[in-house]
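One chain is shown next in structure tokens, namely the form predicted on its own.
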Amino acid sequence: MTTLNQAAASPIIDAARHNERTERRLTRVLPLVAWSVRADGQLDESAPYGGFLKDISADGVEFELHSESPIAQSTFVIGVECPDSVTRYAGISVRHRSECANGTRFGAAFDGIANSVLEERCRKPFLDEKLFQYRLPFPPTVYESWEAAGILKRSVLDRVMLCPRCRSVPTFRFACRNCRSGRLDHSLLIHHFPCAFVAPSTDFERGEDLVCPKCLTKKLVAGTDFEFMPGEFTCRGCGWKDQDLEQTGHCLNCETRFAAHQAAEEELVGYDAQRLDPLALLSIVE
């Protein structure tokens, strides 16, 4: 049971643990590479900068980039070469900068568009509820530039069937082979065992009893005297009759109806990334 003194002390203990976590610092500098990120999220076409990670916390980083002239960019994605030989990445926005012996020193926070691109929700396609189409949050050129730099790795997540006309998501049903309507009536047949007569179940109905129209046997019992069999489908739209239906797609966007075998198949592509976890990095370094 928790005592009153223990309950009163717990906020103080929690605060102390929080300060301990936030005050932990890197014991040595780590090499890094930094790419400048444009306002739309695409990487700048210029070569990346080399430098060193000086310090890191749960909120941001301090690092130096080497260059002969001051660096004016404010949004970067950095790749830190961690002690376990894995390069991990983080998106940052510069809060302050100053000149140093080899270039520019920065203080930055983990936020901005570069940080958003690396978030898991932005690396997986989602279903646009207006167009019923799968897409990624950013334009393809953004992911292509990050993939070319080796920051993101393309990954096939699934394979889907789409409308052949507009590439939107369809629903599927078994429908009329002639007009593709799903408005169907289905008849049920009865097979009378003794005389082998087969006819629609309505032909056997005589009030509350079932009577064979051929041999006139009364009070037929299912399973003993007869069996039910599937009959024809009749389309309410065009009147077509057939025992076989066709799996048919209906596009939720353009409302095109098409045979299922005509659907466009498409891979759903996402992207994997080795994201930088500040507290995990501190544990590795220590």
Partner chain sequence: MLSDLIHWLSYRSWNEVLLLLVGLMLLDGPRYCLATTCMCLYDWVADTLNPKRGQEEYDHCPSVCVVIAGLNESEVVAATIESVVGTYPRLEVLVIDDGSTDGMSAAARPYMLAHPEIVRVITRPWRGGKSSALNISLSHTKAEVLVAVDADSQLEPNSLWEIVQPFKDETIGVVSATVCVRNAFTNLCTWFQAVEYLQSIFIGRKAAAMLQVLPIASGAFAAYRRELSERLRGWDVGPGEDLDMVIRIRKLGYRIAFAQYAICHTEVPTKWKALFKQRRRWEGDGPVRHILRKHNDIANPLHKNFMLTNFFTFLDNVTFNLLCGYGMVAWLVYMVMQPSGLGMEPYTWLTIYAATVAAEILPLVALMYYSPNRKRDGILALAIPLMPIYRLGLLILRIYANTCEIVYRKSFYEAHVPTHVANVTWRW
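Worth saying up front: this structure is predicted, and the values here are computed from it rather than measured. Only the largest set of C-alpha atoms that superpose within 1.5 Å between the two forms is called the rigid core. Positions refer to the first chain, counted from 1.
Omitted here: the form predicted together with the partner chain. The next part is about that form.
Heavy atoms within 4.5 Å of the partner chain in the predicted complex are found in one stretch of 58-66, 41-49, 215-223, 248-256, which is 215-223. Taken together, the three residues Arg177, Ala196 and Pro230 all come within 4.5 Å of the partner chain in the predicted complex, as judged by their closest heavy atom. The partner chain in the predicted complex is not approached by Cys122, whose heavy atoms all lie more than 4.5 angstroms from it.
Interface membership of Cys166, defined by any non-hydrogen atom within 4.5 Å of the partner chain in the predicted complex, is ruled out. Not displayed here, the partner chain is kept clear of Leu184 by more than 4.5 Å at the level of heavy atoms in the predicted complex. Pro83 falls outside the set of residues with a heavy atom inside 4.5 Å of the partner chain in the predicted complex. This chain is displayed alone, yet in the predicted complex one of Pro200, Gly107, Gly150, Pro137 has a heavy atom within 4.5 Å of the partner chain; that residue is Pro200. The partner is absent here; in the predicted complex, the one residue of Leu189, Ile113, Val160, Val211 having a heavy atom within 4.5 Å of the partner chain is Leu189. A movement of the C-alpha atom of Leu188 falling short of 2 angstroms is seen between the shown form and the other one when the two forms are aligned on their rigid core. In the core-superposed comparison between the shown form and the other one, the C-alpha atom of Phe204 has shifted by at least 2 angstroms.
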